[in-house]
Ligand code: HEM
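Single chain ahead, by itself, as C-alpha cells, in the form predicted alone.
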C-alpha cells in the first residue's frame, strides 16, 4: 500500500506562499513537526516528499534513473534553460548529453583558466573603493559573470562581449526576482530571451564558420563535439546548455563566494588561518603571478572553508526526482507520479551528522572523507553537477586572490539574512564590506 509521509494541513496555495516567501522557517517548522520525511503540496504540481535521512537519500541517488527522473521533476526550470538542457533530460538523451559535456569540464582543462580568472579578479579588486563601504555580493557576481563569459562563451573584450554581457545581466536580474513578482515582468523576460537566442545563435554560427581547433572555450568545444555515432549537437542543444552553464555556473558560484566571505568575516580565527595558508602557499601582495594548479590543490584549509560554506549555506536547498513507479523510500512506499526531494539544507544541519550544526567550522572537512549522502551541495548519483570541479576551482582562485591582496572587514552591525533570489538562497543586503590593501 502506498502512502505519503505527513505534512502541513493548510491549503496548497498557502504552502506555496510559505515556500516562496519564507522557505527556511517553513522547512525547519516541517522538520520539527514531522521529522525526517514530510510531504508538502503546491498548486498544479504533484505532492513533494522532503527527506533528510542519509539512508533514504542513498536510495534516491543510487536508484534506477529510469524510475527516479530528475528531468521531469525540474520542469519548472524549462522557461529559463530550455527543453534541451541537461537539467531537463532523462534516460538515453541525458546520458548522451552528459558524455558530450564532460570533456570541457575535465580537471586538466582547469590549468587553462587560472591566468584568466586571476586577471578578472585583479581587475575587479583594482576598482574597489579602498576605505569606503561597498557590497561584496555584486562584485562576486561581476567576477563570476566575466569568468563564465570568457571560459564558456570565449568572448573577451569588444562589442560582442558588451552586448552579450548586457543582455545576460538583464536576464539574470529578472530571473532572480521573487517568483511572485516575476509574472509582472514576464513579457520583458520573453523579449530578453529572444535577444539572448539571437546573440547565442550568432556565436554558434561564428564558431562553426571559423572552426578554431586550438580554442579552449566551452562553446567551441561543444560545436566540435560528436557522440558515439558521430552526430554533433544541434544549435538548439548548444544554446540550451550554454544558458544552463550561465544560470547554474554564474549566480550559484557568486552567491557561494559571498557566503564564504561573510562567514570568514564573522569568524576571525578561521579568516586568520585561511589567510596564513594562502600566504604560505601562494604569497601576499598586489603583483603575484597566478597560482599554479598544484598550489591551488594544496590549499586544503581553503577548500574546507568552501565546503563548510556549502554545508551551512547551500545555494540551492533541494534536489528533486519524480517517480515513474511506486517506490519504497525510507519507511514509506511512495506512489508513482509524486516527487521525492533530498533536502540539502536540512541534511546539512542535522545535529546527529554535524555536531553544533549552526557553527561555522571548516575543521569538519580537513583530512576527512565525507559521506556523499550526508553532504551533497552539488547533488548526487548520475545527476551530480558536471560543473562542480570547475566551480570549486574558481572559488579557490577567487578567494586565494582576495586573501593575498586585500583585507576586508564588515561595515557595521547589519544582520545578514537568507533571501530568495529565484531558485537560490542568497545573503540580504549584498554584504557591505570595507577593503584595505595588504
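Residue numbers count along the first chain shown, from 1. Keep in mind that this is a model prediction, so the values were computed, not measured.
Omitted here: the form predicted in complex with this ligand. The next part is about that form.
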- Among 160 to 168, 126 to 134, 246 to 254, 112 to 120, the stretch whose residues bring a heavy atom within 4.5 Å of this ligand in the predicted bound form is 246 to 254
- The one residue among 329, 148, 282, 302 placing a heavy atom within 4.5 Å of this ligand in the predicted bound form is 148
- Item | Candidate from 49, 395, 57, 402 lying within 4.5 Å of this ligand in the predicted bound form - any heavy atom | 395
- Message: Although the partner isn't part of this model, could you tell me whether residue 385 comes within 4.5 Å of this ligand in the predicted bound form, counting any heavy atom of the residue?
- Response: yes
- Message: If we define contact as a non-hydrogen atom of the residue within 4.5 angstroms of the partner, is residue 344 a contact of this ligand in the predicted bound form?
- Response: yes
- Item | residue 239 within 4.5 Å of this ligand in the predicted bound form, heavy atoms | no
- Message: Using a 4.5 angstroms cut-off on non-hydrogen atoms, would residue 258 count as touching this ligand in the predicted bound form?
- Response: no
- Message: If you apply a 4.5 angstroms heavy atom cut-off, which residues in 300 to 317 are near this ligand in the predicted bound form?
- Response: 315, 316
